[in-house]
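Take a look at this single chain, the form predicted on its own, given in structure tokens.
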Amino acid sequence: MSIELATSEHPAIHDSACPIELCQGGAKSALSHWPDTAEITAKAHRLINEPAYSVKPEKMVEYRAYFDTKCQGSRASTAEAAKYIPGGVQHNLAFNHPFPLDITKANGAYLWDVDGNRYIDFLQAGGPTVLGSNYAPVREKVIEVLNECGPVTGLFHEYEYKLARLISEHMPNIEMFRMLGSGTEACMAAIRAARNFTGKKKIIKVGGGYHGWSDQLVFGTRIPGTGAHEAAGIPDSALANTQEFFPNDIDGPNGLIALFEANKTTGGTAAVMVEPIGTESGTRPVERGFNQRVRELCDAYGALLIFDEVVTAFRLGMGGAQGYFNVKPDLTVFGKCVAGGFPAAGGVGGRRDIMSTFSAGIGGGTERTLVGGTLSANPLSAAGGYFAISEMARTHAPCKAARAADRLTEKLNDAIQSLDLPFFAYNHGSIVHLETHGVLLLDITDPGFLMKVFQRKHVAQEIGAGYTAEGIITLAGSRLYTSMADTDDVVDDAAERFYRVLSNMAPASFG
């Protein structure tokens, strides 16, 4: 069975030529510019050292009334869910203040809840739906596959190799690709392969980076320097060979080079794992030459370089972040994007000699890197990824999503400036950061760190609730993923909604 995308039947939402003049690196990248990392860092420092701002109390009364009167169905269903589901929700991305929304419909730039309220969708399932939510041409082709063979057989299916070949065509550093069930599984597989291939032990990551929730990588998560703070239930021994260094710190006394040197006598460094635009999808952005410097150091110390492109692959362009930076990682981790928003989305790809260890074993002369998963590379997920990536390339979706993000970022900064607020916005292509509370920017060495975390989490909840009440869905109130579905009209509408929240901000009171 072979199903090709009938493009003539389904014109793209925006089917004009890709605005190449906005994109560095041509078709491989969708970024119009690289934001000034030093300027962002300085603004972040000012934000977390000024008093926190929140929604004015009288406006919060109005926003709470929205949830009380307009979201009664969501309140009822999520209250019932809390009886059977810890915390009442299954998803880390769900915004829970004052209670989660029960979303029943998604289409393009919008979501609808069980009460019929419509929201502009800047969550986009955490990033993978660059085409827009529930994109019909892909959905219809996946339904054809489901009707033919169902979601899983446990055996080989043609879209496994079609997807792997397509990824390699767009990202030539991916000589071979192994599909798995999630980004967490992919990170586990990548560090296991690195240790097997190099014979070394240590894994170095950038502090603040999130690489899934496996025992060995819940270290220095969200905020640099936190070490094992979030590792409840994980034995110390599981984290004994995981290390972190602060973002962009190559040469400092506790920087990357110092770790490489110290590891020479304690098992060696198997790999350095980075989010190539910076931790938490660029919340702490890297300097422009950071990845090239890490590449050179990995070569010098005999370590592998692992790019975590769970968010950036295909969203920053068909060549991912590695296509933009022109840096070749040894292994690349994929997640949500690799199935185009369909479930069981994850995988690892890279150099043929390293990837071949996944199929090695008895009689092969090489120890096998063991991975598994009955639902990995199932027909539904593999076909979803194949058709979604094909459509992203055909429609130039990454460039169009990035153009929307450029427009939105400019309008957000205009609003912030006009209101004289200590906030700021910036974007890496279609990943927009709107920094108003700075929870993930806090400094663990600050004596008031714990109090600031508590206060600013409260502020983040109120601001996020304000966005929701104004009809906008974000990731934690501070990260926005745009899509091809975000026309100028959608962006301009969203900007007005953001302005209504921002124009009702004032220094917070924590009485």
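Start at 1 with the first residue shown and count on from there. Just so it is clear, the structure is predicted and the values come from calculations on it, not from any experiment.
The protein also exists as the form predicted together with a small molecule; that form is not presented, and the subsequent description refers to it.
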Contact test in the model of the complex: residue 336 vs the small molecule, heavy atoms, 4.5 Å: yes
Residue 210: touches the small molecule in the model of the complex, heavy atom cutoff 4.5 angstroms: yes
Contact test in the model of the complex: residue 220 vs the small molecule, heavy atoms, 4.5 Å: no
Partner proximity in the model of the complex: residue 184 to the small molecule, non-hydrogen atom cutoff 4.5 Å: yes
Segment that reaches the small molecule in the model of the complex - one of 78 to 86, 260 to 268, 303 to 311, 169 to 177, heavy atoms within 4.5 Å: 303 to 311
Partner-contacting position among 163, 256, 345, 318 - heavy atom within 4.5 Å of the small molecule in the model of the complex: 345
